[in-house]
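There is one chain below, alone, in structure tokens, taken in the form predicted on its own.
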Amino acid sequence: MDLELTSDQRAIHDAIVQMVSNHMDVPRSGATLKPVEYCYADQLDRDLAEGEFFSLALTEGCGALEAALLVYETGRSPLVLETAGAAFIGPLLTGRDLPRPVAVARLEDLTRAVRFLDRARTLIVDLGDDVAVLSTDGLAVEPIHSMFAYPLGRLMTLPDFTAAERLGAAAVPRLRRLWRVGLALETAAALQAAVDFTTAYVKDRLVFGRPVGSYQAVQHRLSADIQRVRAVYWLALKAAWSGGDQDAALAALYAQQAITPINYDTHQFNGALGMTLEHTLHFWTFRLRLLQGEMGGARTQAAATVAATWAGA
């Protein structure tokens, strides 16, 4: 069922939605989009910072749920912005605001590709038996160009973690729980945006004199897709609200499992143009391809779900 926000939460949510709606335009080259892998929402970043929205998780009367709304709504924009680490994971993990943007990674991924690492000011690392928080000043970071619609970077050499802030072994499950919730929120946002975009497209695109969306086969599949999208959204919000390991693992698992069928349907219904950089769809679906493998992918989330559900078995 759809649960209702409180009046204060609705006011915060409405303010975020209004701000994001003012920053939805992507660069154009003539009549088509400028062919770029991603567009970073620099002005939206400044506007949200000025309104202190990145501090929602630590604001009196607010908390994880309000920060989750920020992560979700900014993720629906075709412009990419780092909010999960800066507004959700970092503050709730450390109890303070960290220099933004914030990159979050497992130790084994640092020399491969990490979202936002090319511009991050803070790096949070899951070391397996500990959590390290360190400044990126002085780190050798190589930007990575890819089709994944995210800014990426990798470390040329691993840093000296002995000089980093260490949060201890007890912080590891807390980081993973918060990371899974952030992952589910970002996935829910991109899924919703992709389905919304496709729904509008099939209403206008004519085939044999009829809108594509008038065919029952298309309607049935989009109906199934929106059911998956809303399930991911509510599972993510529940996990943010409850703070439970099981809820977080379930949300991340369902989110990553939902990506394949929705990406397939949205690209099929948008046709060949949907696979190009000149089409808005890729700003969401190409993000989803990277999110699908984050934190080890669905198999890792399934194992975490089992562990949290039957911990005493």
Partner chain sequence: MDFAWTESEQAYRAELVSLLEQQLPPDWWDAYAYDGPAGPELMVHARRFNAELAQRNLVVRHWPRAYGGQEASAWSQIILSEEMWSNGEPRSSLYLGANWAGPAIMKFGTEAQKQRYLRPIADGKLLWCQGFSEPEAGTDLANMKTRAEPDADGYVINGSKVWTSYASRADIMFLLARVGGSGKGGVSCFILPVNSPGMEVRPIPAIHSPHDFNEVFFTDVRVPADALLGEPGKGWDIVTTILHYERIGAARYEFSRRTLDRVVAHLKQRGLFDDPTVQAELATALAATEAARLLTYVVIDGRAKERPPGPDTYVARYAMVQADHAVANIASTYLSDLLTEQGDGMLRSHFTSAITAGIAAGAAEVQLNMISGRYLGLPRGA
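Residue numbers count along the first chain shown, from 1. Here the structure is a predicted model, which means the values were calculated and not measured.
Keep in mind the form predicted together with its partner chain is missing from the figure; the text below concerns it.
Its partner chain is not drawn, but in the predicted bound form it has no heavy atom within 4.5 Å of R174. Its partner chain is not shown here, and in the predicted bound form it never comes within 4.5 Å of any heavy atom of A57. In the predicted bound form, its partner chain sits within 4.5 Å of a heavy atom belonging to Q257. In the predicted bound form, its partner chain sits within 4.5 Å of a heavy atom of L250. Listed stretches are 113-121, 81-89, 176-184, 221-229; the contact stretch with its partner chain in the predicted bound form is 221-229, by a heavy atom cutoff of 4.5 Å. If you check its partner chain in the predicted bound form, you find no heavy atom from any of V133, L273 and T285 within 4.5 Å. Residue in contact with its partner chain in the predicted bound form (any heavy atom within 4.5 Å), chosen from L127, I144, V202, L167: V202. When its partner chain is considered in the predicted bound form, only one residue from L98, L235, L152, A189 comes within 4.5 Å through any heavy atom, namely L235.
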